[in-house]
Structure formats: structure tokens, C-alpha cells
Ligand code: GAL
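Just the one chain here, the form predicted on its own, laid out as C-alpha cells.
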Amino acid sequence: MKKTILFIAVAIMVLPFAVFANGGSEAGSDSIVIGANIYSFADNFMNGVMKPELESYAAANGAEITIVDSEGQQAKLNDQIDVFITKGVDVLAINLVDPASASSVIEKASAAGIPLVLFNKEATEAGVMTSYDKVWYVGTDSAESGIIQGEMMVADWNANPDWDKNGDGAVQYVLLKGEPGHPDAEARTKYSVKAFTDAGIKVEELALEADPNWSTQHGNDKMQAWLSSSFGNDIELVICNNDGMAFGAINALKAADVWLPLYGVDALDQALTHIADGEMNGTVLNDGVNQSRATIDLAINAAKGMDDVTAGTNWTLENQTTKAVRVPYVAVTPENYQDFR
């Protein structure tokens, strides 16, 4: 009996070292192990597009990846990173909860000597990307999505004079904004409206509501409240920072038997159906597939210790300050939506 107990005790002590003795792989193989997270699985785009692509593309390239849900909590993400480091992953792929907290994440990776690829949420702290030689970013140019969405709306507004219901020459709009402080939410909000003023068209904001979860329920609840408000009949345009909130707004409009021009961002499959049905006037492709692939490509190269993490890929770094790979946005309209099915 004592021998059995001794054997088990020794096995328990040896096991953690044996698991990571071969290239840091939990499976005891030579494959690269990636520790990753999504800031919130409640996000339609992140969980429905990027998560499955990260998993499938990593597997297709011989890497192992574990993706955890940070549930919208930066403190939880920090703890998850500590666990990944303890487990001995080869590289971290991190979707920040709070873009202003990038330095704490980078410090953890730097202290452990583990390469780090931030994706989809860009650090907002000045100079933080140059504080560690093994950190990179994969994402988009946040302003670009707002600019493209705005240009679509301006073109359609000019082509449809009947959208100006009160004939005052100004656009009375409501806006469903994403997470406050999120670079994408702030840029989309600013530049989508700026496109009108740049074109010499007056605008009047009737209401703006932000949602940290970018959720369909939020879109439905706010649109429902706006339609029943004192300015409900004055709304001429619905601007949405993402498709998820746009879906909720569409639900509320249909329930009230009201049609209004409405635009989103992401080009989710459901959005293409709404465009086909005339319930949505346009969206902007947020290319989650290529963001995911670029993240995995850079992570694998970084884990291999390559000086140029874009070597052998189709990606290029913007510069040595941002250390960013930018994946472009694309306008999706009633004329071209079928190309994105």
C-alpha cells in the first residue's frame, strides 16, 4: 500500500514537467501551442466568425490553440494569461477587453519571454507596442469602416430625396454605438457622420446609445424606445456600429411596421439576408476570416523565433511603431452583397 502511494506521489510531481517537456505542447508533441482568448463570447462577430476561424486555421497549420472567454472583464483576462504562462504555451494571441490596459498584458508576456499577438482591439496607450520586441497587432484601420459606411449612406441619401421626410435638407439620425472607448466604436461613430458634413449635408443627432456588448437585444430595446418617443416620427436614418445591433433595430422596426434606411458593419451572413430582403441598406465587411488567419500566421512564426513574423505570408507590417498588420474593410451593398455569400 505504501509503495502504491509513493508511486502516485512521484507520478503527480513528474507529470507537469513531462507534459511540457516536448516543445511546450500540452499534447506532448512538437506542435506549437497557442493560448488565446475572445474578450466576450457574447459578441456575435468575435464568437461567430473569428473564434471558429482561429481554431480551424490553427489546426490546418499544425498548431494547437485553446480559446477562453474573458466575459468582458480585463481582470479575468489578466488571470487567464497567467494560467497560459504557467501552462507553458509557446505564444499568446490576445483580444484585449480594455484597449487602455495593453501595457499590463504586454508586461506579463515580456516577463515570461513569450511572444504576443494582439488582435482586433488595438492598444490605445502611446508607444506601448515598442516596449517589447516580441509583440505585434493584427486588426483593421478603425476609421476606414466608418468612412466606408458614411460614403455609402451619403450616396444613398443623395439618390433618394424622399428619405428627407420633413424636407429640411438635414439628416435626422439615431446611432447605435458599440463599446465606449473601443477604437472601432469611436471611429465608426465619428467618421460615419463626418461623411455627411464633409459632403455639405447637415445632420441632427436625435439619439445615441452605447452598448459594451454590441448586442442584438440592445439594438432591439433602444430602437423600440426611440420609435415610441417624442421624436420617433422624425427619424430618417439608423446608423449601427455593427450588424448585431442592426439586427435588433430591424426586429423593432418590423414589429412597429416601420421602414427606415439602416446600415451596419461586419457583413455577417444574416446581414446579407436582410440586404436581400430590403431591410438593410448596406454593411461593411469586417474581414474576420483574414484577421484570424493573419493572427495565427504571425503567432506561429513568432513561436518559431523568426525575426520577420510576416515571412512566408501575404501580410505586411504597417511600420515599426504600430507593428500592425491591417486587414482592409469592404463596402457591401444591394448591388454586390451576393459576392459575399
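If you're wondering where the values come from, they're calculated on a predicted model, not measured in any experiment. One-based numbering along the sequence shown.
The protein also exists as the form predicted in complex with beta-D-galactopyranose; that form is not presented, and the subsequent description refers to it.
Shown here without its partner, the chain carries M46, K121 and D266, all of which come within 4.5 Å of beta-D-galactopyranose in the model of the complex through at least one heavy atom. Not displayed here, beta-D-galactopyranose is kept clear of F84 by more than 4.5 Å at the level of heavy atoms in the model of the complex.
A residue is said to contact a partner when one of its heavy atoms sits within 4.5 Å of a partner heavy atom; N286 meets this definition for beta-D-galactopyranose in the model of the complex.
Residue contact with beta-D-galactopyranose in the model of the complex: D184 places a heavy atom within 4.5 Å of it. Mapping the unseen interface onto this chain, W214 counts among the residues with a heavy atom inside 4.5 Å of beta-D-galactopyranose in the model of the complex. Contact annotation: beta-D-galactopyranose lies within 4.5 Å of heavy atoms from the stretch 176 to 184 in the model of the complex, the single such stretch among 156 to 164, 246 to 254, 176 to 184, 74 to 82. If you take 144 to 180 and check each residue for a heavy atom within 4.5 Å of beta-D-galactopyranose in the model of the complex, you get nothing at all.
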